[in-house]
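Consider the single chain below, provided in structure tokens and representing the form predicted on its own.
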Amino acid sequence: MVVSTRFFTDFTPQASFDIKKCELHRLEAGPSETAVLTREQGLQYYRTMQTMRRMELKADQLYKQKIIRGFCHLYDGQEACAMGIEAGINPTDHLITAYRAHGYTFTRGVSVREIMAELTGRRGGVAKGKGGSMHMYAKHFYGGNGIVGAQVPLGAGVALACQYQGNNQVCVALYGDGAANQGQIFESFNMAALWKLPCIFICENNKFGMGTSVERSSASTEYFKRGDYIPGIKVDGMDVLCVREAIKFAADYCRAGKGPIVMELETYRYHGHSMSDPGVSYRSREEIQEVRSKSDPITMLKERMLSNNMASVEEIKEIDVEIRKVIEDAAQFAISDPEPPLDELCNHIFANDLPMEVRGTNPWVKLKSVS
């Protein structure tokens, strides 16, 4: 048997790539049209996006086996958005999103085991099994919010706190094209502009709000211009390097005290809106397959790295095998971990209060809440 070994010195340590130019609104200059990628960054981005993809595919499988129940909105296809945003901000910056939140929960530092256990409602979940798919949290990550568009004013509030504390941090407030016509979003734009809040408002435009195309739901589909008096950027949301450079630009803009900025990430989800939506009644299977074959964010990054000698096929395969093991281990944990007991149902209502009694389903049932 012959074993082929390649040393790290055989690989290109760094390469520059031309990326798609962003469309601008009320800006004289925009993000860089060239992105520098190191080998270490490329491998990290690939591992993170592939983990997100495999995690969502496993969630799909567990849902169809009726192990995961209730609402479940999958993120596969949009991985470049979450990875690019995390690569362009600091861990101490803040992020809040809607209910398609598994990917962001992972990029914000929560383990796959905790995410999968939360999906199955188990004690080892990130929210102790009481939040489920739509309600996961981490340090500087505020969910996971189930009400359409409601996270945007909360994000503006987090940005107000950053400004008030003078900590030079920004808040990324994400919403989908389906939420883009919500009145509370425009109220948030107005206050953020008045007070020059360090808030990056991001519309993840995956082309369909539930089963309705953007052309049928919005009189104007130029979501990056929706802030009107707020500058905006339209970005290729399928390219992790485009997203990263745009977020860096936006974060620098906010940190400079210039106020908020609106960003539109053009992306695409492979699954339906949720697990109850097959996703092919309002679009064709051929359309989905065409996006997969031409614009898949993971494939795009992998091909860049391979064609520039930044990684080997064998190395990529090894990463894929490792990820599958991590996902399988997390799935087994999520199935075998116990559900939270009834006496923990009301815990953590408040952060720092003494134990308190909580009324149950009738006045004679008393439960206890412990912070």
Partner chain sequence: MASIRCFLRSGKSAVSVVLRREFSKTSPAAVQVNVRDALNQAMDEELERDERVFLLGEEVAQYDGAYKVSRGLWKKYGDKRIIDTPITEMGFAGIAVGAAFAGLRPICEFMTWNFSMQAIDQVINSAAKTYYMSAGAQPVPIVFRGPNGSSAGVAAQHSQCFAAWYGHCPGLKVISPWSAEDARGLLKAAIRDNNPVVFLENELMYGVPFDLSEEVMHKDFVLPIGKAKVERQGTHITLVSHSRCVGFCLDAAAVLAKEGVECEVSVVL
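What we label the rigid core is the largest C-alpha set whose atoms superpose within 1.5 Å from one form to the other. Remember, predicted model here, so these are calculated numbers, not experimental data. Numbering follows the first chain given and starts at 1.
A second form of this protein, the form predicted together with its partner chain, is not displayed here; the remarks below concern that form.
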From the list 268, 249, 99, 142, which entry has a heavy atom within 4.5 Å of its partner chain in the model of the complex? 142
Contact assignment for its partner chain in the model of the complex, among 150, 300, 214, 280, heavy atom within 4.5 Å: 150
Partner absent here, but in the model of the complex, which of 73 to 81, 241 to 249, 179 to 187, 256 to 264 has residues with a heavy atom within 4.5 Å of its partner chain? 179 to 187
Residue 128: touches its partner chain in the model of the complex, heavy atom cutoff 4.5 angstroms: yes
Could you tell me if residue 210 has a non-hydrogen atom within 4.5 Å of its partner chain in the model of the complex? no
Is residue 345 one of the residues lying within 4.5 Å of its partner chain in the model of the complex, judged by heavy atom distances? yes
Considering non-hydrogen atoms and a 4.5 Å limit, does its partner chain approach residue 191 in the model of the complex? yes
Is any part of 289 to 313 within 4.5 angstroms of its partner chain in the model of the complex by a non-hydrogen atom, and which residues would that be? none
With both forms fitted on the core, give yes or no for whether the Cα of residue 21 moves by 2 angstroms or more between the shown form and the other one. no
Cα of residue 323 displaced 2 Å or more between the shown form and the other one, core superposed? no
